[in-house]
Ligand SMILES: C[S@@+](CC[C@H](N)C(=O)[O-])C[C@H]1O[C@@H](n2cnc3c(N)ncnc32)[C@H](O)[C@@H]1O
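Next up is one chain by itself, shown in structure tokens, the form predicted alone.
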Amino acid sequence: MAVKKSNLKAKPQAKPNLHVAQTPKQPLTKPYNDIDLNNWKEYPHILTDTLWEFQARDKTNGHSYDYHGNYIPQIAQQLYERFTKKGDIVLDMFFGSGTSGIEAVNMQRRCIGVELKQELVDYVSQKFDAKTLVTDINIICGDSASSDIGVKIQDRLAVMGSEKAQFLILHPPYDDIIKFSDKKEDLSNCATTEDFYDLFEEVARNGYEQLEKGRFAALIIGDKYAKGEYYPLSFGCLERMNRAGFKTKAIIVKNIEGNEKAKGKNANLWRYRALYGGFYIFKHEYIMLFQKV
């Protein structure tokens, strides 16, 4: 007997509800920054290679080139986003004209700066309002290599509600290339380069003690020529950082074009000197990264 075919059509299968809320992924971050590694492609501005080239100094958001020898703000911008979280405390042992502090405020971080010269402390303090100088920025007039600087830093950390700093910046004088003061404690007044290394190591040790375990330190440094000889200050200081207990993580080469007053105006003179003296003109400095383990 033939089976009669039904005229009823099969009911279509119900389509899945595409509008059901998906549980968002929890951010995947490291303990030392706010970068969400689930969305790592959204950070193209963060440099991850070892050659940094900046065409001009950032002179916006409170920054200016008012003090010879201060590092460019773009370095702080890169380092803070990579190695700090919002609210973290940056400790700068050579505060100078305050680049570290200005960028800390810009990026919702905090900063303790140690500066040897009282007149510079007074000048830089004017760059911040009274409230910021209590809540986010603390400037200490003191000797970063001294045995008592740790107590002063601890006092400021306590005021800011922390036992340790979360990032350390060291931007020392490049030996005696530029004399920053007449003070004997000033690293730019050391009698010899070996004395410079010794005093720098004391600063590094003091910084190490005030840094939270597992967190990072940056050394911004260049080399020098003197009396026909090349002095690799950067690698001499790297060795002293290791002696202080730091583990080396990276060595970054950064261009210094546009970051030195007057040199560009006398390019031909420097070229003549290089040809005459058998040396090469510096076009770079180093940013060396370390970790307290």
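Note that residue numbering begins at 1 and tracks the sequence as displayed. These numbers come from a predicted model, not from an experiment.
Absent from the display: the form predicted in complex with the ligand. The rest refers to it.
Among residues of the shown chain, E209 is not one whose heavy atoms approach the ligand to within 4.5 Å in the model of the complex. Using a 4.5 Å cutoff between non-hydrogen atoms, S97 counts as a contact of the ligand in the model of the complex.
Put simply, D143 is close to the ligand in the model of the complex: some heavy atom of it is within 4.5 Å. The ligand in the model of the complex comes within 4.5 Å of no heavy atom belonging to G245. Picking from 209-217, 160-168, 74-82, 109-117 the stretch near the ligand in the model of the complex, with a 4.5 Å limit on heavy atoms, gives 109-117. A single residue from the set D155, E194, D129, E185 has any heavy atom within 4.5 angstroms of the ligand in the model of the complex; that residue is E185. In the model of the complex, the ligand lies within 4.5 angstroms of at least one heavy atom of each of the following residues of 167-181: H171, P172, P173, F180, in sequence order.
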